[in-house]
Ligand SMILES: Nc1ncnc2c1ncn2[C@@H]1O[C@H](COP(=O)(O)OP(=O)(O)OP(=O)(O)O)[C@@H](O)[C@H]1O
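Okay, here we've got a single chain as structure tokens, the form predicted on its own, with questions on binding and movement later.
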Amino acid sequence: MVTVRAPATSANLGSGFDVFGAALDRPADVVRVEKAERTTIEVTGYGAEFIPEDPDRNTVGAVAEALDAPAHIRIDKGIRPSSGLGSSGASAAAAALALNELYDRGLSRRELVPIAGKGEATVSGEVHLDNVAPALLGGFTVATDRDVTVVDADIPLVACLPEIAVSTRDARDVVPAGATMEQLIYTVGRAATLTTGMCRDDPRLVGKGMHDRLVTPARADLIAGYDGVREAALAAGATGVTVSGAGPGVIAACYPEDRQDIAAAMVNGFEDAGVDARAYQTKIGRGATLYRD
């Protein structure tokens, strides 16, 4: 048996739509695999009742097929599905790393990224690497169709998850089909600022670079209470706030001494909108961890 813990991730980070991603040190999924004649899946944990166990409809089933590695796969969900915290990406990344080890396929983590991306396509309908890349490689990642760049950043974060669901497909449907030159210039500037902040471990620059005028406003409309939560987090000391991935999760960059106050402010902000929520005081963390039993 091989066991892998894969972290939650936050994709986009505002200005880096479909490109930026960051691994979080918590929460996480745990995936255990054993060789079998055919692939079977068992799911337990947070939101397990909403996750299909049919290999043709589950991210890990697609990964097992891509690696030609049939197995009994047990997924213990620590990351709620439809959260904006890379739930399906974590499971896909964990399965890719575990099955690669179990069958001695000899692939590097970077080589496993597109394979895990095929698993993500089961949920979103398209291959996206902005969650699976940080889930496998850790840190802050810049994923393109040609390569993944990794920055071993150290940035404190607060991730707040309201008890509402936004599907990845629905969130993609509201993304604008085009952008003006003014929007493009603004987004490039913010993305460059965020990347510089990651390279310098500077929460102020990272927060400043999260602001986005193109994709985030459309997705924020799908999240009840978002504007109030953002304002509350900024008032509590956050350097930047944006939608995490497709939402409804909300991510805030900050200094470490402000995390507790920001977490409380974000939860209270959602409660003011009549929505229950939980907050994770976290930071940019490492990628998936492998354990051989």
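This is a predicted model, so every value here is computed, not measured. Sequential numbering from 1, following the sequence displayed.
Keep in mind the form predicted together with the named molecule is missing from the figure; the text below concerns it.
Heavy atoms within 4.5 Å of the named molecule in the predicted complex map, among the stretches 257-265, 223-231, 32-40, 54-62, onto 54-62 alone. Proximity to the named molecule in the predicted complex, defined as a heavy atom within 4.5 Å, holds among G117, G84, P162, G209 only for G84. Though the named molecule is absent from this view, in the predicted complex it lies within 4.5 Å of a heavy atom of just one residue from A143, A191, M198, I75, which is I75. Taking non-hydrogen atoms only, G240 never approaches the named molecule to within 4.5 angstroms in the predicted complex. The named molecule in the predicted complex comes within 4.5 Å of a heavy atom belonging to A246. Shown alone here, T216 lies farther than 4.5 Å from the named molecule in the predicted complex, counting heavy atoms only. Mapping the unseen interface onto this chain, V123 counts among the residues with a heavy atom inside 4.5 Å of the named molecule in the predicted complex.
Heavy atoms closer than or equal to 4.5 Å to the named molecule in the predicted complex belong, across 258-278, to no residue whatsoever.
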